[in-house]
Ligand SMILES: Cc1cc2nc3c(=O)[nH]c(=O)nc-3n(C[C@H](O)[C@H](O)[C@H](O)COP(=O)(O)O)c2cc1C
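A lone chain, given as structure tokens: the form predicted on its own.
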């Protein structure tokens, strides 16, 4: 059985969970067009202002097609883990049957999901992380390569596939994908599906500020750099005059604090709070020159802001039967 049949979708195309850009309308639009939209719970609740179950109900009012959920399993705090466990329970109760885990040990998510017949795929950038997740019983992997936006990997799409294909699990390519040619290249390598992020930020349904979308349209592959100054770990962003001015590395104090687990989690929390506040401000008053535009090297294939429906038409045309599962 193909992955598309397992997920109940038409096309092997996922919209990656994006913090803070995964607004409900975007998630629903991707699923409505035959792909799989992934809910990012922190984005849904803290950025877009929905109580979690109510947010899922709103998405369901826009589409009856399957959706997925992103679960960050990093040990942050007891409160955080308790809240995330509760959200997973709610998602399962509301019929979500696909979960994408990241940044930690996904054993408890696998246990809850498998009890309901749901699938769990884990974000990986290297074989060593895949092997650890495999011990927890995950069903497959989101393979984040060196062309991805956000927290990118270090290996190419091909290198990552070759290092993981012997594990016997379906693989989803993530990073550098914005055109039909990119999709077909990934599927030809042996990936079961692809995950896009940057392409969907530059969509009509995404509520990211217009300045952000236009920056993606105008950027080239060479404009993508990695910076530690947003989350403390390398993050792929568009090189703006501000990014060039302040540099891409954290200061000595932050670097010292990131060496220790407890202070590292606290610092990341503070960075994330700052990021949410900046994004909320930008949604109402526009982005400032000091904002960071997260994006991957797939910007090279993006020249217009399109509706999600038009994006799917471009990705699946000539002929769509070659992509449908």
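Quantities reported herein were computed from a predicted structural model and do not represent experimental measurements. Residue numbers count along the first chain shown, from 1.
Quick note: we don't show the form predicted together with this ligand, though the next part is all about it.
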Using a 4.5 Å heavy atom cut-off, state whether residue 150 contacts this ligand in the predicted bound form.
yes
Is there any non-hydrogen atom of residue 17 lying within 4.5 Å of this ligand in the predicted bound form?
yes
Can you work out whether residue 196 and this ligand are in contact in the predicted bound form, taking contact to mean some heavy atom pair no more than 4.5 Å apart?
yes
Should residue 129 be classed as touching this ligand in the predicted bound form when contacts are defined as heavy atoms within 4.5 Å?
no
Should the three residues 24, 207 and 306 be counted as contacting this ligand in the predicted bound form, with contact defined as a heavy atom within 4.5 Å for each?
no
Just one of 159-167, 88-96, 188-196, 105-113 has residues with a heavy atom within 4.5 Å of this ligand in the predicted bound form, so point it out.
188-196
Contact check, 155-181 vs this ligand in the predicted bound form, heavy atom within 4.5 Å, ordered by sequence, gives 174, 175, 176, 177
